[in-house]
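This document opens with one chain alone, in structure tokens, the form predicted alone.
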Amino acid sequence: MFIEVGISARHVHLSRKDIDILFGKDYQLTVFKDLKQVGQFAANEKVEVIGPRSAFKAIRILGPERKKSQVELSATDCIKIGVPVVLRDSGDHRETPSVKLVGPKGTVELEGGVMVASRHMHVSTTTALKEGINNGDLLCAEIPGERAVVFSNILARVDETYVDELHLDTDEANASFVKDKQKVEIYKCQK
């Protein structure tokens, strides 16, 4: 099957508590643009992310709110700001580094939650049934071209609200010359 790639640049997900601290009590994030996944959006709001070595002055927030705040970076980003490169599935904060977040109204010392997100693919239940994909399966993606590469260990996330989309970070995209919205071949990895 051929699925569209979504290239995921560095971004921040915020909890209600941290939005209140960074932007003011009951502040509501505003939509810059909707993302492919239903209900997901890139917000107009940005925060500064400060690591031990350096900082990113303005990282975009993705909404809606999350139960826990997290910062998703590429491995290159982690090295730049001086935090350990820790690969995790989104939402898995165990043994992840910390950073400081600075917004217009306040500062949050984020205790963990900084990660390089595992590559994953959002799979609609329709596609999952048609292709025999189960939630949690590992898939492979073949990227054609001058720097052809096969990415393996792509976690399948199946849900009825999902739109089929492979998420790669900027390091992965740059390494393979894949472009945002490019269709690539996806198949089940052989064990």
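Residue numbers run from 1 along the displayed sequence. A quick note: this is a predicted structure, and the numbers were derived from the prediction, not measured.
Here the subject shifts to the form predicted in complex with a further copy of the same chain, a form of this protein not shown in this document.
Undergrad: Work out which of Asn153, Thr161, Thr30, Asn134 lies within 4.5 Å of a further copy of the same chain in the predicted bound form, going by heavy atoms.
TA: By the 4.5 Å criterion, the partner-contacting residue is Asn153.
Undergrad: Given a 4.5 Å cut-off on heavy atoms, tell me which of 63-71, 43-51, 139-147, 123-131 is the interface stretch with a further copy of the same chain in the predicted bound form.
TA: Among the listed stretches, the partner-contacting one is 139-147.
Undergrad: Though only this chain appears here, would Asp180 touch a further copy of the same chain in the predicted bound form if you measure heavy atom gaps against 4.5 Å?
TA: No, Asp180 sits far enough from a further copy of the same chain in the predicted bound form that none of its heavy atoms falls within 4.5 Å.
Undergrad: Flag Ser98 as yes or no: does it have a non-hydrogen atom within 4.5 angstroms of any non-hydrogen atom of a further copy of the same chain in the predicted bound form?
TA: No, Ser98 stays farther than 4.5 Å from a further copy of the same chain in the predicted bound form.
Undergrad: Tell me, yes or no, whether Val116 is in contact with a further copy of the same chain in the predicted bound form, where a contact means a heavy atom of each within 4.5 Å.
TA: Yes, Val116 lies within 4.5 Å of a further copy of the same chain in the predicted bound form.
Undergrad: Is Ala9 close enough to a further copy of the same chain in the predicted bound form to count, meaning some heavy atom within 4.5 Å?
TA: Output for Ala9 is no: heavy atoms all beyond 4.5 Å of a further copy of the same chain.
Undergrad: With a further copy of the same chain taken in the predicted bound form, which residues across 61-79 come within 4.5 angstroms through any non-hydrogen atom?
TA: Read in sequence order, the residues that approach a further copy of the same chain (within 4.5 Å, in the predicted bound form) are Ala75, Thr76, Ile79.
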